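One chain is shown next in structure tokens, namely the form predicted alone.
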Amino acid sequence: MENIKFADLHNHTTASDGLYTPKQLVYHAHTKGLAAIGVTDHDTTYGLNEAEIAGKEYNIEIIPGIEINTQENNMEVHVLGYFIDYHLDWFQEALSRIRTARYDRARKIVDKLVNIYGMDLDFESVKEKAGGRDNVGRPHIARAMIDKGIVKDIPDAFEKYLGENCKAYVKRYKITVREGINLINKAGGVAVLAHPGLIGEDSIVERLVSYGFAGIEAYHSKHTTKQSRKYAKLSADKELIITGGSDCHGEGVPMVGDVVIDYETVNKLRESAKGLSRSFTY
């Protein structure tokens, strides 16, 4: 019987808002018997070099990726990128601008939490949750709030204080979906629409797909079976690549390997990236 290989294409590390270091993530993927994983941190590629070194140690292919947070009108849309050339200087400069805006936003949110609610919270403790890096986001604020006993968990923090309808909310730096796709394509990568089931409106998903995505993340830890089937069919109907991933952020659920896709999907993404690199005008 032929040995079937699997990949988990959506994972986060301590380079953004994950709890595992890149090496720890790769190790856990190894224990699950995966052939490949995508390392797709938010707006950064800091973890890729460590992950690739660990990949050689554990014999797991590391797909260089990213997850870019974009905006469609007032809706947040996440764009996954695979097989990007993350060493490009202009690409890193673009990501740095996004992270700087994210950092400033996080500082403003903490200021609001202190001034509006009188919370015993300081920005330095939030930065510690981000490993001292510039890629500070709302999950890091939530984790600092948990440490202080202000909230019980991350969903609680978002529901009461950090969500869009909360008093401490601060609008994000806006990069459009088309700009996110273009950024990934220009870096030699392929763009995939992340977890469309979390968007909520299929009419919007249909419109987004027309912007130039190479694939749709049909299989995701927060998708129902019905949603996964629906988005897999949409991908097939549009002749797009059907992808999937756990969206692992570390300990607990989902865990790396909880959602997998056939390894052949990795080859499809690779070939699509090669095609883009041959046709894209720089």
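Numbering starts at 1 and follows the sequence shown. The structure displayed is predicted, hence computed values, not measured ones.
Just so you know, the form predicted together with adenosine monophosphate exists too; it's not on screen, but the next bit is about it.
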Taking 4.5 angstroms as the heavy atom distance cut-off, pick the stretch from 183 to 191, 111 to 119, 137 to 145, 199 to 207 that is near adenosine monophosphate in the model of the complex. 137 to 145
In the model of the complex, the residue from F123, F158, Y173, Y211 with a non-hydrogen atom within 4.5 Å of adenosine monophosphate is F158
Would you kindly say which of N49, N69, S221, Q227 lies with a heavy atom within 4.5 Å of adenosine monophosphate in the model of the complex? N69
Heavy atoms within 4.5 Å of adenosine monophosphate in the model of the complex: does R105 have any? yes
Exercise: K129 in contact with adenosine monophosphate in the model of the complex, heavy atom 4.5 Å: no
Hey, in the model of the complex, does I154 get a heavy atom within 4.5 angstroms of adenosine monophosphate? yes
I'd like to know if H42 sits close to adenosine monophosphate in the model of the complex, meaning any non-hydrogen atom pair within 4.5 angstroms. yes
What residues, if any, in 10 to 36 have a non-hydrogen atom within 4.5 angstroms of adenosine monophosphate in the model of the complex? D17
